[in-house]
Structure formats: C-alpha cells, structure tokens
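A single chain, nothing else alongside it, follows as structure tokens in the form predicted on its own.
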C-alpha cells in the first residue's frame, strides 16, 4: 500500500515518518511531500535517505493513505485533490474537524468510523485527526461516559510549546537563553509565535479570540469532544494555557457524572480503557517530562470533589506529538489498511 506524508519536514511530519518506519504494513517507503521551500530536504527512513518533493496535483496518483500535517490552508487545498485521486487522507489540521460529513476519530473511542480498505479500492476520502489537547481528554472522558454517563466536563489545559511546532520550541529556547543571560527584561517581549513572552511564563491564550470570550483552542475542545463522544448535549468548558514545557500536554479535568462512582471503580474503569493508564494512589501520577516518547494517555490525581461522589477530579498527561498528533494519525491509517499500529 502506497503512503504519503504532506508536511513531512515539520515536527509532527517527522514524527509520523519515524512511526511509519516501525509499521510492518508499510512495505514501500512513503512519498514525502512539502511546500516548495522544503522540497529537496533529505529525511531518514529505515536506514535510507528519502528526498522531500514539492506537492502537486499528480502527487497522489498512486497513494492509498496520506497523512497530512501541513496546516489548515494546505489541507483545504490538497485533501480534496488527494481524495479525488483515490487516497484516504488522515488530516492533522483543523480544516475538516467540524465538517459533519468528515469523521473525527480517536481510534480507541470511535474507530468504528474508519473504513477497512481493500487493496485497489478506488474511492478515497478524508478523516480528521482531533486537536492534540482534545485527544488526551477524550479517552478518559469516553471511559467515564460509558461507565457512569457524563453530564459535564470542565478542563484547564497546560500545553507545551511543541504544540506550535518547531518554531514554538525555537522561541522558548531563544527566550530562555536570553532570560538566563539577563537580556530579556519584563513580560512585554513576545516573539513571533506566542502572544506574550513564553519563557518563565504562562499564557492563557491559544488561537484567536471569539466574541464569547473563549479562544480558538478552547472552542476546539468544546466542539471536538462533543463530536468524538457523539454527545452534542454535553456541557463542556475549557481554559487553555500555553506553558514553557518542551513536549507534553497536561490537563486538569472536572467530570460531573450521571451517577456516583467510587474511586476504586473509577480507577478500574480508566485503567481498563485502551490506551489509558491510571494511577492507583494520589502520588501515582505522571508529568510531561516523564511521558515523552510514550504513546499512552496517563491519568492521575483521581479524587472526588468534596461532598460529591458524582464528581471526579483528575490529571491527564500525554505526549502531544504522539497520541496528540502523529500516533493517533498512524493508528487511523493502520485501521484503513486493516492492520494494527505498533
């Protein structure tokens, strides 16, 4: 099965390439597609060197599965072209997530929406990869919804700079070095990526603002969590923050259930859900630094709200480049191929 990556030279694209190298169902080297600016760049795959090519209409002629991580503008332009050529696009941007006709998939939750392709099948299509912060929240929320019914979900995210790509990492590194050298004074020196200084700071703003006072990232969590869980009635709020962490998103979650759920039962429900681990004791939790390179979602600090056995508070951490982006996309691609992602 011929595969491709659009945006192969980016941070998530390179992670996708590394993950595809480990998949036994990928027999041919993937086609690496980029903008004209990145064309010609070499990338390693299974000990060999692949050269990035500029994307064009004919690029998808023989491709069956295409992983996209080149941003919403590129996805809106090229995803329909790829699908019309017979490819199934797994798109990591926000371009198609709100489209009613496009599945928004976290395989452990709603993988049934992914078709199983037969080799040579002509039809193509688009499947959306959810937002990185939504994916890691969706897994424990799905487990609790099935066990006790969710009524409300309230989230505060703490999102690493890698969520903004390599430029986000570069901005944090540069500002941190300048701050350590005494060359960056005050909090009024934002860079081109983040709206305020990110080094030694926390920014409660990700994406553009809306008339309702919520920023774009917060609206994504609201809309996408409802769609993934097939719960259009679910009450969801989110405060999204950017923190000076290299890789790994964290979230503090308040889940209001339809019935009381004892802590031991909740630990079993969460720990038994595919792709999720759950700490059994209050001190058994993970941090972003500890989950880097781990494709699982880690739940910890599980406890009841005082006086409420129907309200659970917990901490969620995941590697946003893996389960939050590249790994979730590769899992979807494996399902398309009728295989298991490893």
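Quick caveat: nothing in here was measured; it's all calculated off a predicted structure. Residue numbers count along the first chain shown, from 1.
What follows is about the form predicted together with a small molecule, which we do not show.
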query: Does the small molecule come within 4.5 Å of any heavy atom of residue 12 in the predicted bound form?
result: yes
task: Give a yes/no on whether residue 163 approaches the small molecule to within 4.5 Å in the predicted bound form, heavy atoms considered.
output: yes
task: Could you confirm whether residue 19 comes within 4.5 Å of the small molecule in the predicted bound form, counting heavy atoms only?
output: no
query: Would residue 55 count as a contact of the small molecule in the predicted bound form, using a 4.5 angstroms cut-off between non-hydrogen atoms?
result: yes
field: in the predicted bound form, segment of 71-79, 205-213, 108-116, 148-156 with a heavy atom within 4.5 Å of the small molecule
entry: 71-79
- prompt: Are all three of 7, 35 and 325 close to the small molecule in the predicted bound form, meaning a heavy atom of each within 4.5 Å?
  reply: yes
